[in-house]
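Given as structure tokens, the chain that follows is alone and in the form predicted on its own.
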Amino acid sequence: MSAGRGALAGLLGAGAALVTIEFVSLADATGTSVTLAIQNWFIKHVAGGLKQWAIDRFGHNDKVVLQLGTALVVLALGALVGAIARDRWKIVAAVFAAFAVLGIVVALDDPLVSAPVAVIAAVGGAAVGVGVAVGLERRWRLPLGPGRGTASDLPMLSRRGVLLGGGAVAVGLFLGDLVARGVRTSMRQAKTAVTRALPRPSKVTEIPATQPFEVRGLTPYVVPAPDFYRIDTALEVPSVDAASWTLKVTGMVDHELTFTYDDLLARRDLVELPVTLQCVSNEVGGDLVGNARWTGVPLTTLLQEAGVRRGADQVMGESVDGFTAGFPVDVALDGRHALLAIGMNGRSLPAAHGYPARLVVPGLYGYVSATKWIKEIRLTTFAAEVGYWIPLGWSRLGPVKTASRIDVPHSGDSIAAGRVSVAGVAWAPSRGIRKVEVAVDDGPWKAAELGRVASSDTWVQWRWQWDAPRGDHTIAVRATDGDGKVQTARLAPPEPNGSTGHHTIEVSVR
């Protein structure tokens, strides 16, 4: 059989294996499937930099791109096996079996995987994959008649017949995959549906009702949950049942504590605070930053109840999927409004943003503090334990740097001459913003108007009125934080501790 036909048979066999795994995994739709477990393991242990590469280039779509990429790799491997093995089905079976064993070993290391379902899915996927690959290989050879010739003497179907048959199988597998994923999504959404309303917080930091100016295109002071950025390591949002979920406070404490969801909702005084969060991967002028109203229990209260032992210098949060992020104990106890949050913008946390609970720590990048789907708060030391991103080259500490952004006009816009509103946001959580300035064409810095803020933990909206002359112009912005430190103009990438530089745009005034 030709290498091309063998490759197509192997590719479709690999596709059939993936689809089979998806269907079998529906037996535990709220857990991690074998394919997702392998993807998570590969990115964590083999290609950690790939995750950051995807975030840098695809932002909110990074997970879709990574999942698609790993699926294409599996299909390519299947094609390679088919092209090399051709009609030697034992080789195909051995390779598929080896991948099944590898999948089982990797999956059993994932805390969200059901072991029985993973074993059945991997073995079943391999069996179906071999059956499809070998079956197609044999189907694409027509017998000459009883007793005539050997397998090597059998003529092959025409290229058109192979392509039509292979195409039909591919369409069937694609539709099957869509059905399996659709059912899985529905089951997971039903499992994580929020049916409990948040009680009214005992303390609310009021949000300014109106800003002194309104500019079309300016980011709102409070970002709606559906528009709030999401960057994390989970290729699939963990499905957590709040009814059985618990949070433990452990490690170097005097008293280990355990809380249920009901404990937090009904037996705790909740507070609501606006806090601006930023991903360390945010480029200068990027949108991986947002301000929201967070409802929860002050982290200081929980740590004081547990009693932090002498020598503990790190608060480590661990999520249900094994992600970890740690920050200094001093930060948790220095008076800033760190929260174990269970609500966002007046409602229970959406699943994508950490339901049923997460950490929110003003002034720190998310990679060292904002553990979502949290299951444990562990008091430890930096010498004993490091968070997920630290071995991948990111700084141990992650204080948010003073930053500012121009929202309107957009870079490349063509605008009419005359009075133009230049506007955007600036932030330095826990320090606040004292001043925002704008410069045109390397001219002098001119102060912008600042909107009202609820606290120094949030960003501020700003506006500058510009009498724009005709021609091409460059506009830059910089901020000064509450400590009097001016935002640096030095350009630096996000790695290893956050980007720096002035956001600059170019516009054409007609």
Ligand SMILES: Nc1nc2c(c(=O)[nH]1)N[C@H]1C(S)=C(S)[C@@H](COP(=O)(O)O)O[C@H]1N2
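The structure displayed is predicted, hence computed values, not measured ones. When you see a residue number, it is the position in the sequence shown, counting from 1.
Only in words, not in the display: the form predicted together with the ligand, which the text now covers.
Novice: Looking in the predicted bound form, is the ligand within 4.5 angstroms of a heavy atom from every one of A403, W459 and D481?
Specialist: No: none of A403, W459 and D481 comes within 4.5 Å of the ligand in the predicted bound form.
Novice: Indicate whether the ligand has at least one heavy atom within 4.5 Å of a heavy atom of Q278 in the predicted bound form.
Specialist: Answer yes; at least one heavy atom of Q278 falls within 4.5 Å of the ligand in the predicted bound form.
Novice: Residue-level contact is defined here as any heavy atom of the residue lying within 4.5 Å of the ligand in the predicted bound form; does W373 satisfy this criterion?
Specialist: Yes, W373 is a contact residue.
Novice: Should S430 be classed as touching the ligand in the predicted bound form when contacts are defined as heavy atoms within 4.5 Å?
Specialist: Output for S430 is no: heavy atoms all beyond 4.5 Å of the ligand.
Novice: May I ask you to check whether S319 falls inside a 4.5 Å heavy atom distance of the ligand in the predicted bound form?
Specialist: S319 belongs to the contact set for the ligand.
Novice: Looking at 227 to 235, 259 to 267, 202 to 210, 90 to 98, which stretch has residues with any non-hydrogen atom within 4.5 Å of the ligand in the predicted bound form?
Specialist: Result of the contact check: 227 to 235.
Novice: Which pick from W140, F323, Y221, W394 sits with a heavy atom within 4.5 Å of the ligand in the predicted bound form?
Specialist: Checked against the cut-off, the match is F323.
Novice: Exactly one residue in R378, K435, R188, H353 has a non-hydrogen atom within 4.5 Å of the ligand in the predicted bound form; which is it?
Specialist: Selected residue: H353.
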